[in-house]
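As structure tokens, one chain now follows by itself in the form predicted alone.
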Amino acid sequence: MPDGSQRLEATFKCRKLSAYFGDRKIVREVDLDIADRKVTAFMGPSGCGKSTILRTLNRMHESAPDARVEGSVLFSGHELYARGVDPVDVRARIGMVFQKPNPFPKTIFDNVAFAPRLLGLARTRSDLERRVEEALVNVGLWTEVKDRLKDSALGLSGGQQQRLVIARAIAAEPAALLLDEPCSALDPASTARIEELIASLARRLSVVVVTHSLAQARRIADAIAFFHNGEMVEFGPPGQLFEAPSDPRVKDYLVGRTG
């Protein structure tokens, strides 16, 4: 994995990518290119494998019991599943945020400081404080919490917690960020703020988002990958997929016949 000292083009290239739970094949021979500094959305009916393939992109899938992966995932030209590649290093360079906000039961400051401390990114206390402030500014949370940094993160609202978790992820200076339905538990105002944040992050990161919301995909995505029964059946810009999908399974989903 690149160490981040020199930024490489942060693209994913998946080839014949399959994912299993035991003998069950959840994702089937996916070939997919994900562009740098763009927002790519994964869509499809419930249980189609979109969250599973998201988790293969930073080797989170294999952390589940009886889970395994076949095929290839290149990230910035490096094979993520090559022998000797440390999954912990992969997850540091490719951050992930889940559907339900999961702040640590620590202070707001310590949540964001966790990765810089763990990875040795901050040499001094002032450097650590600068990194925490910068991450909170980047997610639009600094003015709301700057006088509460010693308070528990669990006291924040749901929308604030989700932005805090994203701040925690980007404090590790990742080259890509994976978001698994980050707005599904949020109110419309919080959703709008997260979407604005995603657009801002995509100016410097590869961002991949799993979403059930057709409207959200239209608003935020540069490209959409549509999955059905573990297969990627269509990939392209939102206008093409929403206005003239080529696969009937996509058409059925868009008009509500499946979901």
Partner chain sequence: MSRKSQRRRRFAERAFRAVATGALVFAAGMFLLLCAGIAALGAEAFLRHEARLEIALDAAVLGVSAQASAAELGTADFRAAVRRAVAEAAAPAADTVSEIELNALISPGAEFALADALSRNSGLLGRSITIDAPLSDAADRYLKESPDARGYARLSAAQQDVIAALKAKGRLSRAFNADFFASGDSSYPELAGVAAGFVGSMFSVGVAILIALPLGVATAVFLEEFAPKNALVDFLEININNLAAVPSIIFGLLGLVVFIIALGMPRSAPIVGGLVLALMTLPTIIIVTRSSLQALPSSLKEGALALGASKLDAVLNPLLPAAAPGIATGVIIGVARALGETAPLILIGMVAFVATPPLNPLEPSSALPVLVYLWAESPETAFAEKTAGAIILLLVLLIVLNGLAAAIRRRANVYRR
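Residue numbers count along the first chain shown, from 1. The model shown is predicted, which means the values in this text are computed figures rather than measured ones.
What comes next is about the form predicted in complex with the partner chain, which is not displayed.
So, in the predicted bound form, is W142 in contact with the partner chain at a 4.5 angstroms heavy atom limit?
-> Flag for W142 set to no.
Report whether the minimum heavy atom distance between G155 and the partner chain in the predicted bound form is within 4.5 Å.
-> It does: once the partner chain is placed as it appears in the predicted bound form, G155 has a heavy atom within 4.5 Å of it.
With the cut-off set at 4.5 Å between non-hydrogen atoms, does R193 touch the partner chain in the predicted bound form?
-> Output for R193 is no: heavy atoms all beyond 4.5 Å of the partner chain.
Would L179 count as touching the partner chain in the predicted bound form under a 4.5 Å heavy atom rule?
-> Looking in the predicted bound form, residue contacts with the partner chain do not include L179, since no heavy atom lies within 4.5 Å.
Name the stretch, out of 134-142, 75-83, 182-190, 102-110, where some heavy atom lies within 4.5 Å of the partner chain in the predicted bound form.
-> Partner-contacting stretch among the options: 102-110.
In the predicted bound form, do A92, M96 and R168 all reach within 4.5 Å of the partner chain through at least one heavy atom apiece?
-> Yes, the whole candidate spot contacts the partner chain.
Counting non-hydrogen atoms within 4.5 angstroms of the partner chain in the predicted bound form, say which of M60, A221, V210, I26 makes the cut.
-> So the residue touching the partner chain in the predicted bound form, by this definition, is M60.
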